[in-house]
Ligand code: UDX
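For reference, the chain that follows is the form predicted on its own, supplied as structure tokens.
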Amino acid sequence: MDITVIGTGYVGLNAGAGLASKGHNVTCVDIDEEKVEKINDGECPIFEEGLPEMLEEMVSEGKLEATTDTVSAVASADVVFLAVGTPMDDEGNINLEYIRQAAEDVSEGMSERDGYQVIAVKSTVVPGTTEEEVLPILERSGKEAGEDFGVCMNPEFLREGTALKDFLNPDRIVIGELDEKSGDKLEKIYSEFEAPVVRTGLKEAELIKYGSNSLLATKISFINEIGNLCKQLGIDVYDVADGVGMDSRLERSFLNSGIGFGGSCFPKDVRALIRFMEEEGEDPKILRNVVELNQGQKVKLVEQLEQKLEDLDGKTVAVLGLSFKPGTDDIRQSPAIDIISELKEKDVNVKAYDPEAMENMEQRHPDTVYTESYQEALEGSDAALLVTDWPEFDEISRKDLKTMENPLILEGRRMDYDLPDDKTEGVTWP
């Protein structure tokens, strides 16, 4: 099929490349001319494992192209995916500005197309948004939803760092449909995917996305709360998590204790669901606690550092890892942002290293010293805080410790390096 994807962020670009690899003709749309030019040159504008190679291959084969011309891209498409961002505002609500604008642009393109097509929302939106916000804008094209065109809600469940792999090998494909014809058309897109298809109404599909992310975030905050207790008791939270995770009803995944969750999805989606539930007259007690505990967990390493060094004024501390997780350059809601801020407030000299995210963090913390390697960050430091579990940090050795002023590494994520026990300590484990 001819497919158009509006938005070339982590969702849109991975979806576009993935669908092209399944034989579809894909046009990616973005307002950023520089990004569009890069894509058409086969260059990947974001860091994501496997995506640069896939993108280059699909562009060279003529299966994927990019444009700023939304109208033409929509007019020629059998299916149009809306994959623009829905960032969080200061009140915790999702900002629908971008998806409304995208819907207006799509509506203009629809008016120039003859024949039936499906418009599918991939952006994360609260229940009712597709039907009450997007659909009326699309009907400004002069066409009638359910008759002249179909409408679906098709949420993504991608993990940054493994987004392309997740898109190509999904746990399930959720299709929220306005009517059966809309869902049938969209399901054909996924005929080459080996995954169960769940077909629901539009609102159900929207809430499945929020329910999934919020439950995963809850598991993380729960095990971190258990981890804080384990720290007080002097026991290993990972032994506890292994035992708990053997229960088939609970599973071991997302029970790795540490300094909490970050990224573009969990913090935003949990807060948006809280706000939505409040507006609907519900009292989201559990989710409020999830957010509160996670925010405090982010700076636990700094509290631990104060206990170890007492006076932090003038000390030099290495922060290892800046992205919110390994495998991506995304720093949105990364614990490293809060940790560096806390250190600066205590007059600490910060040296930071990350294999991919330093350029992004430099925009947030421009007065931090960024090094070329973790070895350079460790050299002369009074302590190091391990924030992101990039595989290369497993290589930290006793030789590296000898270059530090005070050989001490505090782990916010559990690592597998072979170092003396008295030189390392976990945030929620001995």
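All residue numbers refer to positions in the sequence shown, first residue = 1. In this text, all values refer to a predicted model and were calculated from it rather than measured experimentally.
The same protein also has a form predicted in complex with the named molecule, omitted here; what follows describes it.
**Student:** Would Phe276 show up as a contact with the named molecule in the predicted complex if we use heavy atoms at 4.5 Å?
**Tutor:** Because no heavy atom of Phe276 falls inside 4.5 Å of the named molecule in the predicted complex, the answer is no.
**Student:** Do Gly85 and the named molecule share at least one heavy atom pair within 4.5 Å in the predicted complex?
**Tutor:** Output for Gly85 is no: heavy atoms all beyond 4.5 Å of the named molecule.
**Student:** Might Phe222 be said to contact the named molecule in the predicted complex, defining contact as any heavy atom within 4.5 Å?
**Tutor:** Phe222 lies outside the contact set for the named molecule.
**Student:** Decide whether Asn256 counts as a contact residue for the named molecule in the predicted complex under a heavy atom distance cut-off of 4.5 Å.
**Tutor:** Within the cut-off, so yes.
**Student:** What stretch, of 261 to 269, 305 to 313, 130 to 138, 86 to 94, brings heavy atoms to within 4.5 Å of the named molecule in the predicted complex?
**Tutor:** Of the options given, it is 261 to 269.
**Student:** Looking at Asp329, Glu156, Asp338, Asp105, which is the one with a non-hydrogen atom within 4.5 Å of the named molecule in the predicted complex?
**Tutor:** None of the other options qualify; the answer is Glu156.
**Student:** Which residue, Leu250, Met358, Val291, Leu216, is the contact with the named molecule in the predicted complex, using a 4.5 Å heavy atom cutoff?
**Tutor:** Of the candidates Leu250, Met358, Val291, Leu216, Leu216 is the one lying within 4.5 Å of the named molecule in the predicted complex.
**Student:** Let me test this: is every residue among Lys209, Lys325 and Arg413 within 4.5 Å of the named molecule in the predicted complex, going by heavy atom positions?
**Tutor:** Yes, the whole candidate spot contacts the named molecule.
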